[in-house]
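Only one chain is shown below, in structure tokens, and it's the form predicted on its own.
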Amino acid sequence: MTPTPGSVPFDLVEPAARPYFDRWGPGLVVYRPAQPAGSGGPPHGGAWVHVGEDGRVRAFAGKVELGQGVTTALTMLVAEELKVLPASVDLILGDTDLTPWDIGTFGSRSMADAGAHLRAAAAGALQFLRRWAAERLGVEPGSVRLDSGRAMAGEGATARSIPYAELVAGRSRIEPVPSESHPSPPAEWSVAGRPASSRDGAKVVTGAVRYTSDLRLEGMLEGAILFPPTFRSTLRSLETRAAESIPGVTVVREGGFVGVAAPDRATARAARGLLRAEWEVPEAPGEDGIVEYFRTHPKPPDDHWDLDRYAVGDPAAARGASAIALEATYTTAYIAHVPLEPHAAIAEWVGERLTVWIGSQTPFRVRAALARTLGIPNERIRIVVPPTGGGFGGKHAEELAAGTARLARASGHPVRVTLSREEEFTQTYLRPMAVVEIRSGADRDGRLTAWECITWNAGASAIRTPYRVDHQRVENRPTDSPLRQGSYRALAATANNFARESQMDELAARTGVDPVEFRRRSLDDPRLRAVLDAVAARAGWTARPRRRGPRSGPSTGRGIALGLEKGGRVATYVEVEVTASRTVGIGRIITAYECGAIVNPRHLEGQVEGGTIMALGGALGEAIHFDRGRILNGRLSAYPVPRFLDVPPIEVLLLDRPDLPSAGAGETPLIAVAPAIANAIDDATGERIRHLPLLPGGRLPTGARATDFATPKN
């Protein structure tokens, strides 16, 4: 296959070029071929499965384990297709020397991509085993039964069986997936689709898992990087003599990078403190002027912030003719990823070959970035991703890898760099702040008639409404950001869904239609209707007259919201209690989730629950505060991520659809939490909050009642 511009680097992914049989012994390797961009779905390097004469099955994919349970789920899929016990499968992930190329572990694509590719490769391997067993047993392939790592034929006294290990003994075969091979239907699964515990769960809870920040190499030094005071600051001058006078310290300046390596972390940080740097700091707005800044500082779309524009009908005219018209602006704050394990990397040079161990969601992108930065070819670089303590879209880490590699090259020793918690807040990128403007209309029967949505800075994810409306326009407007921003779990879907589902509740109130019924009347997606109906039924939702006007004193409220993203459908129900002192307590959360065929219900429930807890932070209190480009609350004592005591009772309803391909669950469960809480607060108090976080400081903000833009018609 000839690579095309921008395609997968096929010369790096064909398993025939790898010493699999030298490393693991003879056997059979079956691979799902790589596919370039534009071939249907995202580009990928396929997947490989090795059935060895030692009785082990080894499966290879370019995804990584970030605590989301992908190792267990993918192992279950391979075991299912090959008819072996999961304990006999070894899964190798995120090692650029051993696994196929992969675009990265993000976008809830592990099940959709790696899961599908590994299923295909394992099913293909089963085809070869069936053929070889038929030849050995002297029967037709269709009469061969395969189970628990053995091929069997005959019944009773004439029954014969051969283990897979014997079928592949002495062979060194590498084959693509046969065209006639097909994975088993999820409805027939016996291993996948059932609850399974994490393969490494016991090691995680006992501290036996070795993360990047735990690893230590012989002769390793510790590194520290000199970071700029603000985003886009440039170095004007640097004085290094005081730092270089410390025994064992190496100071490195290459281009815009400055760092030190030392025998221990304390010495490295002390030496960095002796560097005398002068910076050119650009002008930047503070929080007070950020909304207007976004509106007046557009930028061209790029590969990361895609421009999404869609229009049909005449929404302005339709809105003008609507019985109910509404316009409102919603905002969401910059927020930090706050992974349990801060960014960490270890670099080691052996001759001219570089190995980097790093917690990264994109090891192949890191390798390509290192090749460009260091001026060496890909084949001289190996990236290994150990188990990683959370990513949430925030661990791509090319710059950290390059800086650590430079320190290791200059010092002649392996070097480890681990960011402090403050550096994690201030020197990595944030979830973008968003400004979302929606103008909508509805008729008196509670059906949408017009919809316009413009999003500044957040991105295009989930910008299109899932509701039926004949006249609509949506537009994503990328803007210049004064703070460094990038991917975050669920991307822009959190902001866009918060705005849309808040507006839907506001429209429902103005039409006098129950919020659940209002959504149903404009909802054609049967999968969304299913999660909405499931959560409403579990909550015991019944229509009731809406209480009008703001209310004082203790009160309770309920709210509901839904959404779709990354192939999943979600609906969330929330109950709140508002005290006389205007504090808000979450009494109950119910989330219904559907993502096609469920591979591991236990892990899926954990993903939904974990996503719900993470979403609580961004909904209620998390916000990065800044002034002229400087982050003001870059520490956990000033940044309120949810603690255990903050977590309310959470119920998870899983809707299994074995007739549909498996989608991911890492992101979509987050997107309905904030609007459901906002809708519940409005139900309890009559006060509509149109910004996230909803409760800065833990209380309803002063003046929470939004300006009423509704214009009822006679």
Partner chain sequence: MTGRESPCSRPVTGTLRINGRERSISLEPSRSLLEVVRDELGLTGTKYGCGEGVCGACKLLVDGVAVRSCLTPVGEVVGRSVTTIEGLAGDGRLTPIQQAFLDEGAFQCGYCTPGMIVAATALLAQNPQPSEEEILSAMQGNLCRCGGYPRIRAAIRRAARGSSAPPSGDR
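What you see is a predicted model, and the numbers here were worked out from it, not measured in a lab. Numbering follows the first chain given and starts at 1.
This next part talks about the form predicted in complex with the partner chain, which is not shown.
- You can rule out all but one of 426-434, 363-371, 236-244, 636-644: in the predicted complex, only 636-644 has residues with a heavy atom within 4.5 Å of the partner chain.
- Contact between Arg569 and the partner chain in the predicted complex is not found at the 4.5 Å heavy atom cutoff.
- At a distance threshold of 4.5 angstroms between non-hydrogen atoms, Pro229 is out of contact with the partner chain in the predicted complex.
- Within 4.5 Å of some heavy atom of the partner chain in the predicted complex lies at least one heavy atom of Leu66.
- Interface membership of Gly610, defined by any non-hydrogen atom within 4.5 Å of the partner chain in the predicted complex, is confirmed.
- Contact with the partner chain in the predicted complex, judged by any heavy atom within 4.5 Å, is made by just one of Gly606, Pro285, Pro298, Gly320: Gly606.
- Of the residues given (Val535, Ala336, Ala347, Val78), Ala336 alone sits with a heavy atom within 4.5 Å of the partner chain in the predicted complex.
- Annotation for 340-360: interface residues with the partner chain in the predicted complex are Leu340, Glu341, Pro342 [heavy atom within 4.5 Å].
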